[in-house]
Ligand code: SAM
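Take a look at this single chain, the form predicted on its own, given in structure tokens.
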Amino acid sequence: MRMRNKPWAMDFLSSNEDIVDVESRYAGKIDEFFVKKQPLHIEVGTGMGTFITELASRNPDINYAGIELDKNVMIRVLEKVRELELENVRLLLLDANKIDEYFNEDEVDRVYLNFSDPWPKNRHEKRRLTFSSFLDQYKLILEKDGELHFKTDNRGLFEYSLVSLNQFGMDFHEVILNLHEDEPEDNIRTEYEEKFSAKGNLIYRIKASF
């Protein structure tokens, strides 16, 4: 998600270090970043933060880490966390390629991938968040029974991800081809999800584990 550049963004994020980690200060010790130790879920790519803040509001007994590389986007997420006074959300300004350097082995209980960039050109395959190199990282940081939850409106990325996860040997717990047809109670709509669904796009969801 691209937003207009804010020259003051880094200074602003750095001044909110109780919620945002911009320098990987808590790499390898993320439990110290939260008020209390609880099960840990991460969202790779936060969008504007609607998903992670709503999820955290519903589940105060779970800690949530939102990973985002765009500092301008993270400002919007930070504002939501502040407004809702969520003690169980922390934000990481982090490249998704480095999550295995930030989190410890078996430390994460769930990974969320919501409406990730589909990178449709073949030469960009390695950038897709369901490419095998990313799956290697998720497998490393997820606990034994940890799950990967994936949503997209992009049929090409959905089909690619099904094949990629299957070739990686993952177990599928749920594959939904039209999430909004009979929408599960546990679904939280992201900003992109609302936008694409309003256009008539089907929403796909996968739940799987290693």
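Please read these numbers as outputs of a predicted model, since none were measured by experiment. So that there is no doubt, residue numbering starts at 1 and follows the sequence shown.
A second form of this protein, the form predicted together with this ligand, is not displayed here; the remarks below concern that form.
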All of Asp70, Asn114 and Tyr192 with a heavy atom within 4.5 Å of this ligand in the predicted complex:
yes
Among the candidate residues Ile75, Leu94, Val108, Leu86, which is the single one with a non-hydrogen atom no more than 4.5 Å from this ligand in the predicted complex?
Leu94
Looking at the partner-bound form in the predicted complex, is Val81 within 4.5 Å of this ligand by any heavy atom?
no
Against this ligand in the predicted complex, would Gly47 count as a contact residue? Criterion: heavy atoms within 4.5 Å.
yes
Heavy atoms within 4.5 Å of this ligand in the predicted complex: which stretch in 142 to 150, 166 to 174, 56 to 64, 37 to 45 meets that?
37 to 45
Could you list which residues of 124 to 138 come within 4.5 Å of this ligand in the predicted complex, counting heavy atoms only?
Leu129
